[in-house]
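Just one chain is shown here, as structure tokens, and it is the form predicted on its own.
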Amino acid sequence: MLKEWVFTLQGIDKIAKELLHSLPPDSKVFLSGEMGAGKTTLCKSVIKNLGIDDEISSPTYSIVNEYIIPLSKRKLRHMDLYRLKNIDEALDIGIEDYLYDASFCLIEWPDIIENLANEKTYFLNISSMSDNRRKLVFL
């Protein structure tokens, strides 16, 4: 299913809602894009649109932030694999467990784990365009 959205960061909540309607509750979202394209901003909007009122921070240093989705009581994991050097480091943090459990996962910088993708994995790419617009491609 190829789907594309072009939007500004001011309209990111609408995109997050549409994206959530397209994904099963145990999805593993591999979100790629250049530095500064809006990966974390999109993840924060998705998390907020799931009804999570916690302080939502970037997992750049923690690598994995975990939240509970109020309505379903399922776990949501927001991961940033940018600092990991190889797949062995990803395996050390338990990435395989995360990819096969019932949680909803948003994974930024997933390049080193692409070969671990499974039937629950969805690939998205966000890129910057002119005039502060972004393009999100859902593959």
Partner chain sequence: MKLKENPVILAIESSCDDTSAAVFESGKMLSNLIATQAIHEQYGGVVPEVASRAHQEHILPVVDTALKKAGKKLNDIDCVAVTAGPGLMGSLLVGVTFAKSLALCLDVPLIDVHHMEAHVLAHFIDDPQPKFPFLNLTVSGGHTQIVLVKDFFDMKVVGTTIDDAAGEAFDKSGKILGLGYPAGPLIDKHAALGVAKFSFPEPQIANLDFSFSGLKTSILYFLKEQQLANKDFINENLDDICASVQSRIISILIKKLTRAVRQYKVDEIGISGGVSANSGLRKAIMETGEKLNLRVHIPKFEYCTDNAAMIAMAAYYKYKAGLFADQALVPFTRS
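This structure is a prediction, so every number in the text was calculated from the model and none was measured. Numbering follows the first chain given and starts at 1.
What comes next is about the form predicted in complex with the partner chain, which does not appear here.
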{"query": "Gly36, Val64 and Arg133 each touching the partner chain in the predicted bound form (heavy atom, 4.5 Å)", "finding": "yes"}
{"query": "Contact flag, Ile93 vs the partner chain in the predicted bound form, heavy atom cut 4.5 Å", "finding": "yes"}
{"query": "Lys44: touches the partner chain in the predicted bound form, heavy atom cutoff 4.5 angstroms", "finding": "yes"}
{"query": "Touches the partner chain in the predicted bound form: Ile56 (any heavy atom, 4.5 Å)", "finding": "yes"}
{"query": "Leu84: touches the partner chain in the predicted bound form, heavy atom cutoff 4.5 angstroms", "finding": "yes"}
{"query": "One residue of Ser27, Ser32, Asn49, Thr60 in contact with the partner chain, assessed in the predicted bound form (non-hydrogen atom, 4.5 angstroms)", "finding": "Thr60"}
